[in-house]
Structures are given as C-alpha cells and as structure tokens.
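Form predicted alone, single chain, as structure tokens, below.
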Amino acid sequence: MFAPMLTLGAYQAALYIHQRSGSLLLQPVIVTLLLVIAALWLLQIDYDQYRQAANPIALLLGPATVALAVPLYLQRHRIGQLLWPIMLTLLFGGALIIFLTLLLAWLFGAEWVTLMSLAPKSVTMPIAMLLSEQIGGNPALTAALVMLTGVVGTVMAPSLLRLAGVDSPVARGFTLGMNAHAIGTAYAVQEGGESAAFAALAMSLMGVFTALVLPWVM
C-alpha cells in the first residue's frame, strides 16, 4: 500500500501547492512527479519495485478516461452545432502543429530519429509512443517530449489566449486539448464544463487524426 499512498499523497500535496501558489508553472502532474522521484531517491526504493506496487492506480486510468465522456455527453448538442468548425480546426490546426514542429526541428538540424520522435508529441502518451516506434522515432524520447509539450502548452496557452482576447470556453478548451493533450484537458476542467468537454473532444480527435495521418505521410 506504500506506493499508492505515496502517489496519492504527492498528488494531494501538488494540488495544494498549485492552488496556494496559483502558478501555471507548478502543474500538479509535474510537481507530483518530482515529489515521487525525490521520495524514491531518499528512501532508496527501486523504480521497478515502485511501479509494480503502484499498479492499482494505473488501473484507474481506464475509468478516469471513460469519465471524460460525461462532459462530452452533456455538451452533445453544442458539439453538433459546431461540427464543421470543429472538423476544419482539427484538419488545419492538426496538420499545422505537425508541420511546424518538423520544420523548426529540421531548421535546427535535428536528425531523422529526433524528427520522428517529435512528430507525435501533441497526442496522449500511449498513442504517441506507439506512433513514434512505428515511424522510426525513439519512444522514450517521445514520452519525455509529450510530457514537456503538455506542461509548456498548459503554461503558455492561457496567457496567449488572454492576450488574443479569446474568452470563448469552446475555443479555449479546444486549444488546450489540441496542443497540450491530457495535461491541458486537466487544466480545462478547472475552467468549467464546456471548456472541459471541448478539450476532451480535441484531445481525442487529435489522437485519431495523428494516428491516421502520420504513418501515411511518413
């Protein structure tokens, strides 16, 4: 029971720190990760041993993902009204995210393996790692880039949206879901049900879009 309690305790502490500080940099996911790493290092606990003991928490990821369908169901009429704008945003926005990522990395001299590891960075980790392996990337590097993308996207997106004068919960949620996957969706939940629903929708559609398009164009 130590590993699940350590994980839950670290997450509660991270939530408290985030709420008290109000800093977007102190995202609960990252703070939890750092607290758990620090605890494992101080107590000299092997990571494989911790991971095996923490499996009961991993089993909750499935129900937690399914729970995202609740805000989607509650916003089904709104989604139906905005179906064409949603599909066009996904098509052009999704393609632009991948294209700009590869272009900038190529301009900085990134090698092919790095480019293929970067390409799926804006989707959830299970999809991104499988895609990375399929197109010739490094899944471990992709996992780190996915985490970094989620954190940076969640930190930057709210400020950029505010500067651009974007107040619509639909636009804010969709932007967070497309650019910062699950971490952005977790932030969108704090903004309200409509924002959370469109963030979950964007995260799901972006995963499907990337999984279908990336192996085809690469």
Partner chain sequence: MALQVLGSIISFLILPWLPGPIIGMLLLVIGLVLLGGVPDSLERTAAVLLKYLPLLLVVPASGIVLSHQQLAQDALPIAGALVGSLLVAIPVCGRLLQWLVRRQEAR
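Keep in mind that what you see is a predicted model, and the values were worked out from it rather than measured. Residue numbers count along the first chain shown, from 1. Think of the rigid core as the biggest set of C-alphas that the two forms share within 1.5 Å after superposition.
In what follows, reference is made to the form predicted in complex with the partner chain, a form of this protein that is not presented.
Participant: At the 4.5 Å heavy atom threshold, is Val208 in contact with the partner chain in the predicted bound form?
Facilitator: Yes, Val208 is a contact residue.
Participant: Is Leu8 close to the partner chain in the predicted bound form, meaning a heavy atom pair under 4.5 Å apart or at it?
Facilitator: Contact with the partner chain, yes.
Participant: With a 4.5 Å heavy atom cut-off, would you call Gly136 a contact of the partner chain in the predicted bound form?
Facilitator: Taking the distances in the predicted bound form, the answer for Gly136 is no, it never comes within 4.5 Å of the partner chain.
Participant: Hey, in the predicted bound form, does Ala39 get a heavy atom within 4.5 angstroms of the partner chain?
Facilitator: Close contact is absent here: in the predicted bound form, Ala39 is far from the partner chain, nothing within 4.5 Å, heavy atoms only.
Participant: If we check the partner chain in the predicted bound form, which of the residues in 154-188 reach within 4.5 angstroms of it by a non-hydrogen atom?
Facilitator: Result: Met156, Ala157, Leu160, Leu161, Ala164, Gly165, Val166, Asp167, Ser168, Val170, Ala171, Phe174, Thr175, Met178, Asn179, Ala182, Ile183, Ala186.
Participant: Taking the rigid core as the superposition reference, indicate whether the CA of Ser159 shifts 2 angstroms or more between the shown form and the other one.
Facilitator: No, because once the rigid core is superposed, the C-alpha of Ser159 moves less than 2 Å between the shown form and the other one.
Participant: If you line up the core, does Ala10 shift 2 angstroms or more at its C-alpha between the shown form and the other one?
Facilitator: Yes, the C-alpha moves 2 Å or more.
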